[in-house]
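Below sits a lone chain in structure tokens, taken as the form predicted alone.
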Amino acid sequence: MIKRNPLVMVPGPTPVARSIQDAMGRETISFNDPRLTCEFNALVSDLVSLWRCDGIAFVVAGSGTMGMEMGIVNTASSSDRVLICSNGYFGDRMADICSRKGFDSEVIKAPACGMTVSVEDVDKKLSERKFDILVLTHVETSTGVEFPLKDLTEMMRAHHPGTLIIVDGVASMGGVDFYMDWGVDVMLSCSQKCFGTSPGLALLWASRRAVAKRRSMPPIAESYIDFEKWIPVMEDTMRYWGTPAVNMIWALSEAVRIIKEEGLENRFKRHRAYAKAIRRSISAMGFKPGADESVASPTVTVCLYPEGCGLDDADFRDAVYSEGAHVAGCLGELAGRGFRIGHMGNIDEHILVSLIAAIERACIKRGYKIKPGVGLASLQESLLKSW
């Protein structure tokens, strides 16, 4: 019997397409080989133009958390006040980074788990006290909520144009509607989420205003993640500061080629359609989506267990794994109460059908009585209506 690897359906890393794997498997060459620098320069140019950035894009070996630190330390000085909007676990991580840096920071928390900080609350807080930097998470992977970023940027331009906006787009960039010219100063992400490549690269976009802010600041304590060290390299990748992740750059170049071929707007629509289909499907099986429908994320869904269903969290996720799909446990206050599905990047309908089938079989084998095919029927109906 052929043994297949379980589908990777966690909120990152995500499934890696064959062509991206092939690009990553190319022979490793020197960082200043013209074959690499030509492709690297083109990649940086694509990242700037696709997301309509008037500044610069950074592609640096590292994690999404490193990108968080890079975004904050290059734009917030010791005299600045920082307002952090937290909708869950990763919003709290941003707050921790600011606290460790000793910034004068304040946190606005979401009113309830599965909800998001409101634009009105942000407006009110910024009207009460001057803040130089606003930090938020576009998609909070711990709760599966999407911050209303377009509404926020419109409000900020109208009422608080002097405040710089830093956005954690780790679970949204490349899958959820967004462009830098909405009024965001720093957007950060990483390679293993909506871009559909393996972990290893931190990605960051900085507006002209963000770059100017860094250049107005004194030297920062950090060396590796200093904008000033990387700007010359991003302007001409033949230059050297830190050794680039050569094979990951090739992989990301292929991922961006796929994005360009699909088209960003089509990619955004596909993610929203798939997310809606998954939420309807898991609801048909008796699970409850963890996020309010009005703010439900297009890339991550939290599935809460029905009360009294008798399912043990770790055991149930093990059963789903055995049936062919790897889903994630919940974080923070939702830990043990449900599981999380990542549905981002280059997934398709075949993957979604296999995922829901694996969850159905795990339910039945663990004694949670559902009618076979109930989730699949809902999924198929949704997918047929979406396209």
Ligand code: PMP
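Sequential numbering from 1, following the sequence displayed. All figures in this text were calculated on a predicted structure; none of them were measured in a lab.
Not on display, but discussed next: the form predicted together with the ligand.
- Only one segment in the set 303-311, 104-112, 162-170, 79-87 has residues whose heavy atoms sit within 4.5 Å of the ligand in the model of the complex; it is 162-170.
- Although the partner is absent here, Lys193 lies within 4.5 Å of the ligand in the model of the complex, judged by heavy atoms.
- A residue is said to contact a partner when one of its heavy atoms sits within 4.5 Å of a partner heavy atom; Thr65 meets this definition for the ligand in the model of the complex.
- The ligand is not drawn, but in the model of the complex it has a heavy atom within 4.5 Å of Thr141.
- In the model of the complex, no heavy atom of Thr197 sits within 4.5 Å of the ligand.
- When you look in the model of the complex, the only residue of Arg93, Lys276, Arg317, Arg267 with a non-hydrogen atom within 4.5 Å of the ligand is Arg93.
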